[in-house]
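Below sits a lone chain in structure tokens, taken as the form predicted alone.
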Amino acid sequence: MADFEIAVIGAGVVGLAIAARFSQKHPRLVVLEKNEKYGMETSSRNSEVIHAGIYYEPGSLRARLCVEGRDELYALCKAHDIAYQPLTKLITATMTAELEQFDSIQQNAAENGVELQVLDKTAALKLEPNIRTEGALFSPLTGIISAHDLMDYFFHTTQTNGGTVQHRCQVIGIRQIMSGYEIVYDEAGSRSSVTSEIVINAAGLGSDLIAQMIGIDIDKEDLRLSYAKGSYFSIVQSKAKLVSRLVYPMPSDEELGIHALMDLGGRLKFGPDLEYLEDRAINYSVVENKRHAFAESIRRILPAINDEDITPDMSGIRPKLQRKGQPPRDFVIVHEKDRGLSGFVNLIGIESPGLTSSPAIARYVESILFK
């Protein structure tokens, strides 16, 4: 018999959500996490936005799981005292020509089952008098959440259910065996292994390499990830009240654009930008020489901000299947039984809206494993 029934690789918000859900019925479960604590990478370095599901391609996993996860997150927050605020969001047209995008954004949102309201310039300025706008789309379902509170909830739920989360375990090899899979990992320089009937690869930035370990040609299958860094700048406290909700510019093909974000402590930040990293180098520094370009982007929607009003803040790195200059890619969530890997599930390219989608992703993985 295998050591565990289920092994989850990666203790980011998605891996923890899966562990919390699965451990209810499958307490012989282990989560293997390479870092000293859960959620230290993408899951704790993001905008902490509960996305409504406006932009994602209708019918895609990103669209479906975002909408389902959004509703479940709000319910979880209320039931388990997870910090959140339903701030709402404006998508502002800063030039008259951008008003032409309203119809396509509204249509996409409607196909995803998401409510948006069109505001003329007067109505938009009544809500946010300091922004640059010729009209806006109002999203009543967008909010913010404490990612740390959410991960704490999933972590403690897993433990309460009898599951185990092991930190400082860097997976270095996986092979199929009679009883399922053997996972070899490095723990403080010492090699160890566990066996599990089922393996769920939720390794985030390393998820493509985990898939490669089990024998999948990630280049042939177009599953090799790109690392996309997003930096944030914070606003001086004296100007932190210039907006009262999330404010976004009109999106481009590649990104949503640098936007106004508030955290649960009332700090105002702007970001993220988009910078593809070469050679998958992990670098979380936010460089001072971005200040002017960042301020210019901020002034596009909030003209009262000067260069000296902003300070380098934080950054995060997104695991993108999308290459630079290419259109967005959907989440890859696949039970690899057609490759002869029964009980092995890959989750690759889980970037935004992964946080919002996390409880729905867990339910979806359950459905493809145990249907």
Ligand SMILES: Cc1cc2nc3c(=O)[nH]c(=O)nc-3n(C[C@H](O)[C@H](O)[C@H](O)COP(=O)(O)OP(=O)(O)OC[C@H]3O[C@@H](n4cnc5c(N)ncnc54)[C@H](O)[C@@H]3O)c2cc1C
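Keep in mind that this is a model prediction, so the values were computed, not measured. Quick note: we count residues from 1 along the sequence shown, nothing fancier.
This next part talks about the form predicted together with the ligand, which is not shown.
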Fill in: Output flag, Glu41, Gly206 and Tyr232 jointly within 4.5 Å of the ligand in the model of the complex, heavy atom basis
yes
Worksheet entry | Gln170 within 4.5 Å of the ligand in the model of the complex, heavy atoms | yes
Worksheet entry | the ligand contact at Pro312 in the model of the complex, heavy atom, 4.5 Å | no
Discussion item. Quick check on Leu90: any heavy atom within 4.5 Å of the ligand in the model of the complex?
Written reply: no
Fill in: Proximity of Ser60 to the ligand in the model of the complex, heavy atoms at 4.5 Å
no
Response to the item:
None of Pro328, Pro27, Gly316, Gly343 but one has a heavy atom within 4.5 Å of the ligand in the model of the complex; the exception is Gly316
Item to complete: Heavy atom within 4.5 Å of the ligand in the model of the complex: which of Leu65, Leu32, Ile305, Ile54 fits that? Just give me the one.
Response: Leu32
Worksheet item: Looking at 90-98, 216-224, 294-302, 197-205, which lies within 4.5 angstroms of the ligand in the model of the complex, counting heavy atoms?
Response: 197-205
Fill in: Sequence-ordered residues of 48-72 touching the ligand in the model of the complex, heavy atom within 4.5 Å
Glu48, Val49, His51
